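A single chain comes next, written as structure tokens; it is the form predicted on its own.
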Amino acid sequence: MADAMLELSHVTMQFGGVVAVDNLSMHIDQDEIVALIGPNGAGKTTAFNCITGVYTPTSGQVFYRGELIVSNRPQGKMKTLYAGSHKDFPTQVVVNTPDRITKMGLARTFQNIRLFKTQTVFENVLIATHLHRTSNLFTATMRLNRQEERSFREHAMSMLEAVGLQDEKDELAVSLPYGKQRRLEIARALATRPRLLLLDEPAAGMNPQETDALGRFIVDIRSRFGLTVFLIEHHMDLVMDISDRIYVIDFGRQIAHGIPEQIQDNPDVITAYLGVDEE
């Protein structure tokens, strides 16, 4: 789609005989907040991993701002083991590593917090700014990169101020309360200067008050930084409050798509989450 910030086309991720993501197609337009929901084990994080280069999908394509960044087709033993539903495979193979994809403008957080726990709050964010460094070993050794390093430090501090952690900048990341560790992980992602921010269960482990605050925070940073946001979340109140559109998957396949009002009363979604009574 011409205006899509992110587009998935027939993405399938298969592990041996297990199809974790099956023929998934979706798009996220610029400035949207879009949620991906589904029961545990539905394939949500696997889909994120395919987008961000952690996994190379068995088949399918991922486009970012119209550019093909991931593309694959069944190869090797997958030619005979392939169990996905879509058989019209792409011809082009494109593989990008997570660091390259992040540098393009896609940043993410993880379902399980992955901070550098022995580093300070400030150092966690500063490390992320170095993704865009232009210095090399020689210029760093000769201290010819002082201006660039100063700008990185200023940017890291501004990200901490944006998430309200400037007063904890010298504390170890592991010493922060859980909710603040979540904010630190988002600050680290923001430090890479993304256009698209992927959040994997950002409200996990939060109480209702923290979840409400997080929702306001996500809407705020979307506006403040000109972001498009794609999130996985199990807190349905949060999803319904902040999402422009919602995709629902179950057993790796899309079962519903629409605005929050359409999703919350969808019988297929209710069945996927609650199951059906057996007579």
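Only a predicted model underlies this, so the values are computations on that prediction, with no experimental measurement involved. All residue numbers refer to positions in the sequence shown, first residue = 1.
Unshown form predicted together with a small molecule; subsequent notes refer to it.
Relative to the small molecule in the predicted bound form, residues Ala20, Pro39 and Lys44 are all within 4.5 Å by at least one heavy atom.
None of Gln166, Gln111, Gln75, Gln119 but one reaches within 4.5 angstroms of the small molecule in the predicted bound form through a heavy atom, and that residue is Gln111. Checked against the small molecule in the predicted bound form, the candidates Arg253, His234, Arg222, Arg65 yield a single residue with a heavy atom inside 4.5 Å, and that residue is His234. Considering the small molecule in the predicted bound form, the lone stretch of 27 to 35, 213 to 221, 44 to 52, 237 to 245 in range is 44 to 52 [heavy atom distance within 4.5 Å]. Although the partner is absent here, Glu185 lies well away from the small molecule in the predicted bound form, with no heavy atom inside 4.5 Å.
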